[in-house]
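Presented below, as structure tokens, is a lone chain in the form predicted on its own.
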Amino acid sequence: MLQNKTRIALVDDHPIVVEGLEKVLSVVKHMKIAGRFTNGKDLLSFLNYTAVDIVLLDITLPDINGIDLCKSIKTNFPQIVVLALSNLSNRGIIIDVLKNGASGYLLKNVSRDELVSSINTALRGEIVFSQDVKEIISSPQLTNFPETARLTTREKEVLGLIALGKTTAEISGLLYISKFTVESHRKNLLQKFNARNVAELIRMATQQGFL
């Protein structure tokens, strides 16, 4: 019966990925796609009035990174299971999303059978990883990778403007802060991402879902 089906919400910034996931999961007898989204804001609004059992969550979204979105979901809707589904294979990101309440982490190269099995396992209250993620977590040479950078709201604003190619003077004018403060934020961002220059900063921030 319909009410016994697992209700799934899909969140990915690429519409074609969402459509593909819907096609793959819609043919599974006990699963139903309750909603599909390309940003976090629409998902959170949807969850306020629609019952969902599990969210398949991408990490890179246009309005909020999936790590923070996972925390918001679990804070406001603790009964919902969150399963990360991403191309990002950074160990720090995997650990951070788990710390924020995710029930597992899958890479997008999983097969349909592995995806369905992982959803079922997560719904039973277990933590689940795709095979590649298990290897990433267990590899000794990866244990010293830095975790995802922790940024203040202002640092996120400055980072976004840097990514748009804005100069220190332009950022100062846009945010109504001094050039000295902008430079201080630039320095802090480079340190937090362990980046040697702006190009590396943008690349690492993108990998970690901030851009």
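Note that the coordinates shown come from a computational prediction; the quantities given were computed from them, not determined experimentally. Here, rigid core means the biggest group of C-alpha atoms that superpose within 1.5 Å across both forms. We number the residues from 1 along the sequence you see.
Another form exists, predicted together with the DNA; not displayed. Remarks below refer to it.
The partner is not drawn, yet in the model of the complex one stretch among 28-36, 41-49, 165-173, 59-67 has residues with heavy atoms inside 4.5 Å of the DNA: 165-173. In the model of the complex, at least one heavy atom of residue 198 sits within 4.5 Å of a heavy atom of the DNA. The DNA in the model of the complex is approached by residue 187, whose closest heavy atom lies within 4.5 angstroms of it.
Core-superposed comparison between this form and the one not shown: the C-alpha position of residue 17 differs by less than 2 Å. Superposition on the rigid core between this form and the one not shown places the CA atom of residue 54 less than 2 Å from its counterpart.
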